[in-house]
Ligand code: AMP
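Just one chain is shown here, as C-alpha cells, and it is the form predicted on its own.
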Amino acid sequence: MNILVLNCGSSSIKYQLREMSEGSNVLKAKGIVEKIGLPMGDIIYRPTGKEQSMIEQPIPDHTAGMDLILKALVNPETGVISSLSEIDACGHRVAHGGEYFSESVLVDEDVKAKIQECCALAPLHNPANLNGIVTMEKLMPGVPQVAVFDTSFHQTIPEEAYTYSIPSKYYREDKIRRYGFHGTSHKYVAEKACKYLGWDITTKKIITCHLGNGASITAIKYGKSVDTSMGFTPVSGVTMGTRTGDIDAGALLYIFEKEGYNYKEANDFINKKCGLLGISEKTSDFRDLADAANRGDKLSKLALKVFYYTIKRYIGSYAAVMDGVDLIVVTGGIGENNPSVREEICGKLSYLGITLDGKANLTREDRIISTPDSKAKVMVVATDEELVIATDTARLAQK
C-alpha cells in the first residue's frame, strides 16, 4: 500500500509517501510546503534516490499546497508514482483528540466533528490538521483518511495525574486537564526499545525522553502511559526551545500585567519568547546555544543547565511515581544527536543505580549506552512519528 502522510501546520505541510507492506516499509519521497498564505511560498520535494528540488511560488492556501504535493509525486520526470490512483490512503497527524480518541481512527463525519470540538483545546494546531483532512477529501475523494492523535497514547493517565488543582467545574464544563503530547513518539520508542532488548513491555517500567525544540518526558508503566510532562497544552513540563515549561502562574500574571499583554501577546510570549531563547537571550537552536556556551557565554551556559535540570527532575519524579525504573529511553533531535546531553542527564543518576558507558554513549544509532552492571538500562532510540502514522493508516485502511 502507498500511504501519504501529512502533518499540516498553520502555514506549512510536512509530507511523506511510504510504501507499506507486511514487515517492511519504503520511503518513496518526502518534503515540506512552507510559507502558505504569504506573498511567496515554496515546496521542497525529496524523492528517494533522486535529486532534491525546490519551487518558489505563491501558495495562497492549503488546497494549493497539497495540489503541489500531489503534482510532484506524479511528475513524469521526478515523480515516484505514475498516477494518484496508486495512493491507497492518507494519514494525518492531529494534535489534540481530547478525551474522544484513545487510538487512531478512520475519518468520518463524526470524527471530523469531534476534531472540530477539540479546536478549542488546540487552537494553533487542530484547525490546520482538520483543514488538511477536508482538503484531501476534496482532492482525492474516496481515498481513506486516517487521523493519528498526539494525545491518544496518554489517555491511560489516571485521574490523580491528569487533574489540575482548579475548581472541578472547569474540567466538567471545559475539559481542562492534563492531556500530554508527543504520544506517537513515546509509544513508538518504548516499544522499539523493548523489541531490541527482547523484553515484554507489559512487565517493565520505562521513562521516555523526547528531546527536541519541543520536549516532553513520559512515564510508561507496563506498556501504558501513566504520566507525562506536557499538559493541557504543549507549553508545560521541561524547559524547551521557546516554550516556558513549568512556571508559577503568578509570575506570568505579573509579567502580563506589567507589559500590558493582551491574549495573543501573552500566548506568543509563553510559546515563542521563553525557554532556552528567553534565558540565553540569543537563540533557541541547541547547536548554536552549545557553541555559545563553549565560548564562555554565561546566559547560554545557564540555559543549558536549566534544560538538564528540569529533565532530571522529571526522571526522578517518574521513578518515584512508578516505584522504580527499568529503562530510560532518549530520543528526539537533541537526544539522539548529542552524547553530551545524555551524559549530563543520565550520567548523573547514580541514586537509581545507573551508570553510562562513555564509549557506547558516543553513538548516533539505536543501542544500549549504560554499562552491563547498571541497575536500569539507558538506550538511545531514533523516533519516527511518520512511520507510526503510516503504519496505523495502512492497518485501518486495510479494514
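Computed from a predicted structure; not experimentally measured. Start at 1 with the first residue shown and count on from there.
Unshown form predicted in complex with the named molecule; subsequent notes refer to it.
Heavy atom to heavy atom, is I334 within 4.5 Å of the named molecule in the model of the complex?
Close contact exists here: in the model of the complex, I334 approaches the named molecule to within 4.5 Å, heavy atoms only.
Contact test in the model of the complex: D326 vs the named molecule, heavy atoms, 4.5 Å
Output for D326 is no: heavy atoms all beyond 4.5 Å of the named molecule.
Please determine whether N338 contacts the named molecule in the model of the complex, using a 4.5 Å cut-off between heavy atoms.
Yes, N338 lies within 4.5 Å of the named molecule in the model of the complex.
Since only the chain is shown here, I'm wondering whether G79 would be in contact with the named molecule in the model of the complex (any heavy atom pair within 4.5 Å).
G79: no contact with the named molecule in the model of the complex.
Contact residue in the model of the complex, chosen from E265, E117, D291, D285 - any heavy atom within 4.5 Å of the named molecule:
If I apply the 4.5 Å criterion carefully, the residue I get is D285.
Name the single residue among K35, K348, R364, K50 that comes within 4.5 Å of the named molecule in the model of the complex, judging by heavy atoms.
Only one listed residue qualifies here, and that residue is R364.
Out of 188 to 196, 208 to 216, 225 to 233, 98 to 106, where are the residues with a heavy atom within 4.5 Å of the named molecule in the model of the complex?
Of the options, only 208 to 216 has residues within 4.5 Å of the partner.
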